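A lone chain, given as structure tokens: the form predicted on its own.
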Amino acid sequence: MLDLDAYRDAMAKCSHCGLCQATCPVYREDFLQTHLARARMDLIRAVLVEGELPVTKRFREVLDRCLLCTNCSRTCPAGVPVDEIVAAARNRVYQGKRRDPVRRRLLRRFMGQRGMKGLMGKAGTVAHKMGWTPAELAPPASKPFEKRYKGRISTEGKARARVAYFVGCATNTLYPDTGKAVVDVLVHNNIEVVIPEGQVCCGMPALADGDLALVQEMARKNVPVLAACDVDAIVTDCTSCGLMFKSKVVKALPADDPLRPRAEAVAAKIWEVTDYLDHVGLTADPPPLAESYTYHMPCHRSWTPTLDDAPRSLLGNIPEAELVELEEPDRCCGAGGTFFMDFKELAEGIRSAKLADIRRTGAKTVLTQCPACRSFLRTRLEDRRVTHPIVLLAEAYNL
């Protein structure tokens, strides 16, 4: 991801088959061919690789109106890594300065301090006045997760495994209930939990901005911390965090970087928590829980083949809990990190289709592992609860 020219051959693999039409959330909303992955590849190659066209306002708009959802990459028969190419293109165009200076400082603080606590005080006042903390973002919890749990949380009996828990920014400051559920459910199933000190943001917001220097900065703090853990696995409740550590962090580091072997070791151990629990199995049978729920599949889930159905399989162990499937469970909700702030009308249109699908199910609980999806959906689902799958399992255990 450091060198856009390194993707020259990958871009050339695009055969313009058009399969990305079926999965691109932006195209499905505005039906503009320019916003398809194949058109973006052609433009990026012509403007930034071959230099045949200038960088214009319209080119930047086409570049920015990508959610980096990875849906087109997953659909592409040639396996073109469109999201990485777009990120590399943004890096070349903006050089880490896609946002204005104030917003860049706020983003850096948010990432360095793992969440909204980094936007408190004067910075938070500025963000609020400028409209950068919209209603779609949940208010910060009174006490972040890192103030509730520290160090090692042991099981009552003999532990069958030990995991490190990477706690993302949103879980840390917006949804500590998810973090509590992760720890409680793991420990209840005889899995010891270690919460490493020194964690920072996974780097996904910087990747979306094309700020690869900031991605590297986060990696140089996170990788040594996680690699030093003597654990069987590293779990996270956020699919975007998992995507970063599984495949993006390694690619963001130069091939000869001494940190790269440790980043690869971390990638080999990373799991999304429901996928991990479904893989190792439950030791405690959940009691019955009369609950109807539906499942919104987050876009950033392609980094492991079993993640698509892991929550369904895991929650299938709860007697009397009923899954009511969406017609399109994998359709994007339009959040895209901060995409919904930059392209409000477009994001609202994408969200509307998802909301209609959810309401058709009649389910009162909506589950998803992505905190951005959770925040974006909850403001239009006042009569429903939107939460993480692991929270439902914790409730079944009455933890």
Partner chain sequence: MKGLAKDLKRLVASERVRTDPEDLFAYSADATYYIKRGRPDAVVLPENTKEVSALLKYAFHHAVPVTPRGAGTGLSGGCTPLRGGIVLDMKRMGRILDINRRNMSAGVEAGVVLADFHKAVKKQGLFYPPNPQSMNVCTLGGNVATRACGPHGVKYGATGDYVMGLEVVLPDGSVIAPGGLVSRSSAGYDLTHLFTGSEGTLGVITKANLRLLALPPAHRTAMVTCETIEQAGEAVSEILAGGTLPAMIEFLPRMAIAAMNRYITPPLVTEGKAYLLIDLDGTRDEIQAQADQILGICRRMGVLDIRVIEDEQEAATYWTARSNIGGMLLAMMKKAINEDVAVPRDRIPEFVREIQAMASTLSRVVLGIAGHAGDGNMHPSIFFPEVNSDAENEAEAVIRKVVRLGLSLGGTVSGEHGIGFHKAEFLHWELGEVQIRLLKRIKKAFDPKGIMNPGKLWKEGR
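Residue numbers count along the first chain shown, from 1. These numbers were taken from a predicted model, which means no experiment stands behind them.
Omitted here: the form predicted together with the partner chain. The next part is about that form.
(request) Could you confirm whether P77 comes within 4.5 Å of the partner chain in the model of the complex, counting heavy atoms only? (result) The answer is yes: P77 has a heavy atom within 4.5 Å of the partner chain.
(request) With heavy atoms only and a cut-off of 4.5 Å, decide whether S352 touches the partner chain in the model of the complex. (result) It does not: once the partner chain is placed as it appears in the model of the complex, S352 has no heavy atom within 4.5 Å of it.
(request) State yes or no: in the model of the complex, is some non-hydrogen atom of V386 no more than 4.5 angstroms from a non-hydrogen atom of the partner chain? (result) Flag for V386 set to no.
(message) I'd like to know if D30 sits close to the partner chain in the model of the complex, meaning any non-hydrogen atom pair within 4.5 angstroms.
(response) Within the cut-off, so yes.
(message) Counting only non-hydrogen atoms and a 4.5 Å threshold, tell me whether D9, R38 and P54 all contact the partner chain in the model of the complex.
(response) Affirmative, all three are within 4.5 Å.
(request) For the stretch 301-327, return the residues whose heavy atoms include at least one within 4.5 Å of the partner chain in the model of the complex, in the order they occur. (result) Sequence-ordered list has one entry, E327.
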